[in-house]
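One chain comes next, on its own, written as structure tokens: the form predicted alone.
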């Protein structure tokens, strides 16, 4: 019985949060890896693009809620998501036309585009804070739990209760659908194949008659959709705070690089590697250890790192990968 309680505690505080967080990082890393693979630069503004997409979705959600529109038991934000994606697509396409296109036509070095993207990042960060404020914004409605800890205890008779949040289930389901659609698009459609060809060999793709501007436009639209969905899911699961998305940039880039920058499969794998590493290392294992070893009473929390240092885990993994395997787990493009 104690072993079952240990498994439930582990699932409650490590496995389910890791799956949810990993799905969100994977979607964010997919956007980063598409930009790097096709447009040839590291987009440091991606975290704040997620923030902008989530903000647009939140504003639309609040408007729908004020009209009494509801999708109960699902969050109303799902109805607002297309508006958020459209607004973010207009933002990134406008940014590309006003900023990135000039440097692309000048054949600027990738490092120049990285610096430019940092400038865009600060502008977007300020814009989002100006529009929606700097405080936590909660917009989740609908059912909070698929099963609550109390119900689980009553059903099983265990001391530990397993709480499955509806946002966790929603995150995983939406992430699976989005990833499946993306891979179908890239592998089965003519546009997707032209994007892959452009990524593999730009000169050969141009000789084959592929329109580079169309590839760039479609890439930005897909990135806008991925950023908005990832940002909204993260906001629903936790809460929305603009600066949090700026901080998410490190684990997102770590996920993309660990998996293999430019490799979509690697981005997904990297997202889960980073998520489970952060959750596992910052979790206090005292409760699980107490169930597994009942006679042992540890003095401390058995926590390798405080949650305040969870981003240090991403940074450490990133450094190790860059030193020993710069192409990542799935042999993407090296930096």
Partner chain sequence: MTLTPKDVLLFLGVFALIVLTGFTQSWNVALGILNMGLISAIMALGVNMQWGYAGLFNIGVMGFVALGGLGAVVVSMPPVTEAWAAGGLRVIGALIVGAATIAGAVIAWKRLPKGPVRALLLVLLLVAGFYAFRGLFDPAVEAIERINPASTGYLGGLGLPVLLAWPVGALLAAGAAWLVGKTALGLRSDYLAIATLGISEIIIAILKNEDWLTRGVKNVIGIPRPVPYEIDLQNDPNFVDRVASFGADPVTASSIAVKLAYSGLFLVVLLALLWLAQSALNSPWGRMMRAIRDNEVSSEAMGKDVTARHLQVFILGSAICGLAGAMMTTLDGQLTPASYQPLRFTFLVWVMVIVGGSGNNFGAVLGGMLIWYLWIMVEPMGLALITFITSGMADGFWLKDHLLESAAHMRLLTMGLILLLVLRFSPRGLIPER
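Positions refer to the first chain, counted from 1. Small disclaimer: the values here were computed from a predicted structure and weren't measured.
The following text describes the form predicted in complex with the partner chain, which does not appear among the structures shown.
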### Query
Going by heavy atoms within 4.5 Å, which of 164 to 172, 114 to 122, 86 to 94, 139 to 147 lines up against the partner chain in the predicted bound form?
114 to 122
### Task
Could you spot which one of 234, 220, 245, 253 gets a heavy atom to within 4.5 Å of the partner chain in the predicted bound form?
253
### Single option in 283, 36, 291, 272 placed near the partner chain in the predicted bound form, where near means a heavy atom within 4.5 Å
36
### Query
If you check in the predicted bound form, is residue 15 within 4.5 Å of the partner chain, heavy atoms only?
no
### Close approach of residue 265 to the partner chain in the predicted bound form, 4.5 Å, heavy atom
no
#### Entry: Contact flag, residue 126 vs the partner chain in the predicted bound form, heavy atom cut 4.5 Å
yes
### Message
Please tell me whether any heavy atom belonging to residue 9 falls inside 4.5 Å of a heavy atom of the partner chain, as the geometry stands in the predicted bound form.
### Response
no
### Query
Is every one of 27, 79 and 82 within 4.5 Å of the partner chain in the predicted bound form, counting heavy atoms?
no
### Task
Output the sequence-ordered list of residues from 316 to 331 with at least one heavy atom within 4.5 Å of the partner chain in the predicted bound form.
318, 319, 322, 323, 324, 326
